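Read the single chain below, which is given as structure tokens and is the form predicted alone.
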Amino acid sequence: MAASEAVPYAKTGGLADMVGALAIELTKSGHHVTLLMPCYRGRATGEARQLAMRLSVPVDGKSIDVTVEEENVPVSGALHRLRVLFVRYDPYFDRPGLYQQDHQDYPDNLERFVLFCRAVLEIVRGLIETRAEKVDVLHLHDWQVALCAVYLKTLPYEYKGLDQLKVLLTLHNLGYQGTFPGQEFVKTGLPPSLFSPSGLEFYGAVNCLKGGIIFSDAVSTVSPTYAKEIMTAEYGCGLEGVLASRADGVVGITNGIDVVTWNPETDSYLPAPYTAADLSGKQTCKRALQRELGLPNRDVPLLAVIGRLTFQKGFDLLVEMIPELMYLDIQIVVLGAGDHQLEQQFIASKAGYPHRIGLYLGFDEGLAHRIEAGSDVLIMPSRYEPCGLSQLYSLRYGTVPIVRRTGGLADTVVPFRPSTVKSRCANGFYFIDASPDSLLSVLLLSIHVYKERHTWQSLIHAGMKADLSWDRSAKLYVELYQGLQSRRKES
């Protein structure tokens, strides 16, 4: 597996959670997994690392010397360890941020990840040639490593011995494609003929993700609904035609969560544990959260927002209606950072209603856990959401999600309906139109249902009993890998 980030080493979003959790789950189920990622500044975990190899990596007509550090991670219940290999080249990766500094992309991001992709392939070739390991599948994640597929398929003379290697590319968020000015194509080291509409050219720019989609043996994404959505102009971000042209389509596999770390019965971040059978601890968590964020201890609906404060996440829909919501007897807590204008709007809302709104701009892992545990409702009004994790955490913690029906949100939240309530499978609410009025309507419905304690308890219990682990999802990925292996044998 190759990725630009993975927990616990480096993280900017859900990509890191998915990669780290899937690698562990695959290892736990008996597979030999090697995870490759850049060696960033200050991302050590305390485990002992050792020098694994030195490489001379061909980049743009020259060679760059890099080192590869190795860490072997014990996995509970596994017969062997997860191996993590870090590509170290300090001029590119020893920086304050992974991709940006002061909200500005590094201008040499293309060169940085060209080097990483080339290093990944050199490492894989080394493992195969020295017979240190049999490599069946290379699983790539997002644009930063998508060029691995392009190099493999278009430069076979450079990668002899890897012709049988099958490649799976997982799309985590099509909004991030790795596009660069057309004049930078030469930095990829690829033949000029590939800078064309049938290759990596994208409206005059270089598009790394497009190349990965074209040249990978299979493509997946992180929920079944998102796999369908990205085939449309509304969600395809300009790549819907490229995706639709794949004869085998795009497979959607919903992410799981780490149910050991996210467990209200054992979570060390919480002031009190609780279970679906005994929710008394959740009330303790609610009172503690209200105190922590300066809100009165009152038994009113406590609505939560956790995530990046961006247009994609739809939090502008919520902030617009806060004056209207303040006519209701509710409290709101917000944890996140992002768009400057949205941050300022939430700051102004907090100033206007200091005893009704709790606000923390930034991110705090412990506070995220305490908000999931102490809130009654989680709001996720995303305009698009490939999978989403916060709604899964909220289900696990008995906090009822309100989501827009899109992507993974549609796949994981069973909406409140007479039939779903009767069958006791409803676990949340959703709305369809990305508008403040639609969100307000479903919020009003949820507040009404909150007062019907028996029905509300039913929603909580349905969420908490759902299987949100990585076990099922990992098995589906293994089926994908095996399908690729079958193609390899046939060819």
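Remember, it's a predicted structure, so these values are computed and weren't measured experimentally. Residue positions are given as counts along the sequence shown, with the first one as 1.
In what follows, reference is made to the form predicted together with adenosine-5'-diphosphate (ADP), a form of this protein that is not presented.
Report the stretch among 333-341, 241-249, 277-285, 202-210 that approaches adenosine-5'-diphosphate (ADP) in the model of the complex to within 4.5 Å, counting heavy atoms only.
Among the listed stretches, the partner-contacting one is 333-341.
W262, G388 and Y393: each with a heavy atom within 4.5 Å of adenosine-5'-diphosphate (ADP) in the model of the complex?
Every residue of the candidate spot has a heavy atom within 4.5 Å of adenosine-5'-diphosphate (ADP) in the model of the complex.
Considering non-hydrogen atoms and a 4.5 Å limit, does adenosine-5'-diphosphate (ADP) approach P381 in the model of the complex?
The answer is no: P381 has no heavy atom within 4.5 Å of adenosine-5'-diphosphate (ADP).
With the partner left out of view, is D364 within 4.5 angstroms of adenosine-5'-diphosphate (ADP) in the model of the complex by any non-hydrogen atom?
Contact check for D364: yes, within 4.5 Å of adenosine-5'-diphosphate (ADP) in the model of the complex.
K313: touches adenosine-5'-diphosphate (ADP) in the model of the complex, heavy atom cutoff 4.5 angstroms:
Judged by the heavy-atom cut-off of 4.5 Å, K313 is in contact with adenosine-5'-diphosphate (ADP) in the model of the complex.
Heavy atoms within 4.5 Å of adenosine-5'-diphosphate (ADP) in the model of the complex: does R308 have any?
Because a heavy atom of R308 falls inside 4.5 Å of adenosine-5'-diphosphate (ADP) in the model of the complex, the answer is yes.
The single option of A368, L82, L359, V124 touching adenosine-5'-diphosphate (ADP) in the model of the complex, heavy atom within 4.5 Å:
By the 4.5 Å criterion, the partner-contacting residue is A368.
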